[in-house]
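Next up: a single chain in structure tokens, the form predicted alone.
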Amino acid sequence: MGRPTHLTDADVEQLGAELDALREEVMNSLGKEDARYIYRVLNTQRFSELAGRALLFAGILPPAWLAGTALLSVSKILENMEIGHNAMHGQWDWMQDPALDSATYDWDNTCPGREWKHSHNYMHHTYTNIVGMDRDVGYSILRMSEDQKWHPAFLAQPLYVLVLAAFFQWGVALHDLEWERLGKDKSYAEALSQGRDIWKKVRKQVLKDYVLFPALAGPMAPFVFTGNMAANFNRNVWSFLIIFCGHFTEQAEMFRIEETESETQGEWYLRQMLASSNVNGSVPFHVMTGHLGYQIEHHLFPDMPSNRYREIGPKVQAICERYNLNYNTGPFSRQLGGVAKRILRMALPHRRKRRGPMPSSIHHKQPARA
């Protein structure tokens, strides 16, 4: 892979061994404190949803509508970010609690869990920031790397970004359809089958938030409807901001498929470290991000319980410093500013000179779906 030139093969393998040892140390120490943590989060999320929906039933009073919407927003963010995302990574499978089982958990989101596990758990986490393989690089509508061919349509990508942020759960739901492969190495029948699964989940979510609960509220239906819409909007924008700060800051690196062929475990770790970005913040901030403020640690160990990322963050940073590697972290405002700069820069027709063919011109055999 295209790694920093000051690292030898032996350095990279030693780096991998140190990270393997760190993972083993943490995973062997999981126990009651970790279980207590996730149950506290679950209880907080359930209370927030119950209280938020109850307050929205009195939404004719502005303070009740505002408080209900805020609590429902907190509930949806906790459910998607700290509970759903991490449960579907298998972080809590060791507890053998059916409520947190990665095989059966499906989150409060229009994207079916099965589709998300393929597009996120497998494709994104395996091929992180490899242009042409990781479809999170631009979500098929944005240009986020010089290695993506420029088109005049990208001039409007600052506008696309705003639309994607507002409707992020819908973008995630449609993400795994991989429409650009249709008629090539993906059949319309396969896409139609996926579309049916997505439609079932969309129908369930829409009925719950925009039909069932407003109907239960009777004359208060408009206040419940708008409160649910605002909570979904808040969750969409928050998750978009955290996810884009995780991989598309100015210092986050992109890779070519040729650079990652025959990648060793140590090289895989190295790519995850260089392709990810952290965001500094308080403990409540990290809980609300699903601990994706520790994106580097999450990408090194996606199945490690999220509450442990705070513990290993300083150790991973020390390893980076020892190997003279950039540990990409900073306050939210700086990381978000870097994302905005990349989006604006990539909207314009320029690119760096590269050796060899563009990654987009290389045929990649698509891996079989799980």
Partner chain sequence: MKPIIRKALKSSLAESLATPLSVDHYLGLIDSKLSVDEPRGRIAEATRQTPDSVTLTIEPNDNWTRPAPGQHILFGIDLDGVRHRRCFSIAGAPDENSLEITVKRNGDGAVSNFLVDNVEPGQLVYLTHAEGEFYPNASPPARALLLSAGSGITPMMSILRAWIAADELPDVVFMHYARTSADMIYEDALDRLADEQPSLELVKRFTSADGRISADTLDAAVPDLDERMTWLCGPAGFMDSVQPLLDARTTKPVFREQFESSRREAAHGEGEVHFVQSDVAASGDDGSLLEIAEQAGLNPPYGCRMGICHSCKCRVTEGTVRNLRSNEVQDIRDTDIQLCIHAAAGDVAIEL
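Everything quoted here is computed from the prediction, not taken from an experiment. Residue numbers count along the first chain shown, from 1.
Although it is not shown, the form predicted together with the partner chain is what the next lines describe.
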item	value
Close approach of Gln96 to the partner chain in the predicted bound form, 4.5 Å, heavy atom	yes
Touches the partner chain in the predicted bound form: Phe255 (any heavy atom, 4.5 Å)	no
Exercise: Pro62 in contact with the partner chain in the predicted bound form, heavy atom 4.5 Å	no
Exercise: Lys201 in contact with the partner chain in the predicted bound form, heavy atom 4.5 Å	yes
Output flag, Tyr39, Asp106 and Gln205 jointly within 4.5 Å of the partner chain in the predicted bound form, heavy atom basis	yes
Per-stretch contact check against the partner chain in the predicted bound form, the hit in 340 to 348, 324 to 332, 24 to 32, 307 to 315 (non-hydrogen atom, 4.5 angstroms)	24 to 32
Residue (of Leu216, Ala153, Val163, Val283) lying close to the partner chain in the predicted bound form, criterion heavy atoms within 4.5 Å	Leu216
Residues in 165 to 190 close to the partner chain in the predicted bound form, defined by a heavy atom within 4.5 Å, in order	none
